[in-house]
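The chain below stands alone, shown as structure tokens; this is the form predicted on its own.
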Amino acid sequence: METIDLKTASTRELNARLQGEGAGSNAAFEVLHPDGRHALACGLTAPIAVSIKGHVGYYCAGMNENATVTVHGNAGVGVAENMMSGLVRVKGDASQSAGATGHGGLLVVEGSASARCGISMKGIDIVVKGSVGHNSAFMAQSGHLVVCGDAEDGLGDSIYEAVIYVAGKTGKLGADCVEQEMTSQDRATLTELLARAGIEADPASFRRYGSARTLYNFTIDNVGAY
């Protein structure tokens, strides 16, 4: 394992080193003293493993493709934003907009996530061991958001075809978001997501939320829902 110490290396130097790995690489890196720096381990394309020992700032692991990035601490705004594939794991809590606009891959938050977790998600799967803040999965288009704790007001506001599973309490649901039947397929999907995330929870304790599809096309009868 190669160690990069950010007490002596810059963020630009770190990202250039990680981005320089070829498509067939499975190298492993340890990053020391992140000290809340922004934009660490961004734009990775090789299936490498990056272990960041401490808290990170904004947009850590953004635009990730194939890489496995583990943050041994808390993450600032926009962790794993626009991720395409791979795995990003936050051992602590995540700030706002975790997994925003993600197209694929898996984001695991072992603590809780703040507001707008999974905003405009486009295929990413997100598993949060704790709770999520307001307006999570806002305008979520596809993928899954699993919340093992509670979800605050505005969950799934203006949601499209993403699916939300919540084990705890929910606040006031967002516009066009409704509770739906939990099918056997949902339980199988949820079981698989929890296993991939390495989080133990009883799938039978979750409820499913999704789109009522009343906002897909404007009709005057639905004006109250906007």
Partner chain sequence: MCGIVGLYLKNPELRSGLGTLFSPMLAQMRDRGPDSAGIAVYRDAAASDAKVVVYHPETPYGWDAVAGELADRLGCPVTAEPVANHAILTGGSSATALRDAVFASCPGVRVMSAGTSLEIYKDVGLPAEVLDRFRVSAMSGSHAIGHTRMATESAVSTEGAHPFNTGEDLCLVHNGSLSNHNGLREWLSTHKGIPFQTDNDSEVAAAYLTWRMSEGATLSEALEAALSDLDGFYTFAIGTRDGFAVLRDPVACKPAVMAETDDWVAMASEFRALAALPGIEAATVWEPKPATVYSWGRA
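Numbering follows the first chain given and starts at 1. Everything numeric in this text was worked out from a predicted model, so none of it was measured.
Keep in mind that the form predicted together with its partner chain is missing from the display, and what follows is about it.
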property: Location of its partner chain contact in the model of the complex, chosen stretch of 122-130, 109-117, 139-147, 83-91 [non-hydrogen atom, 4.5 Å]; result: 109-117
property: Partner contact for residue 36 in the model of the complex: its partner chain, 4.5 angstroms, heavy atom; result: yes
property: In the model of the complex, residue 59 touching its partner chain (heavy atom, 4.5 Å); result: no
property: Its partner chain contact in the model of the complex: residue 95, any heavy atom under 4.5 Å; result: yes
property: is_contact(residue 74, its partner chain) in the model of the complex, heavy atom dist at most 4.5 Å; result: yes
property: Residues within stretch 175-211 having a non-hydrogen atom within 4.5 Å of its partner chain in the model of the complex; result: none
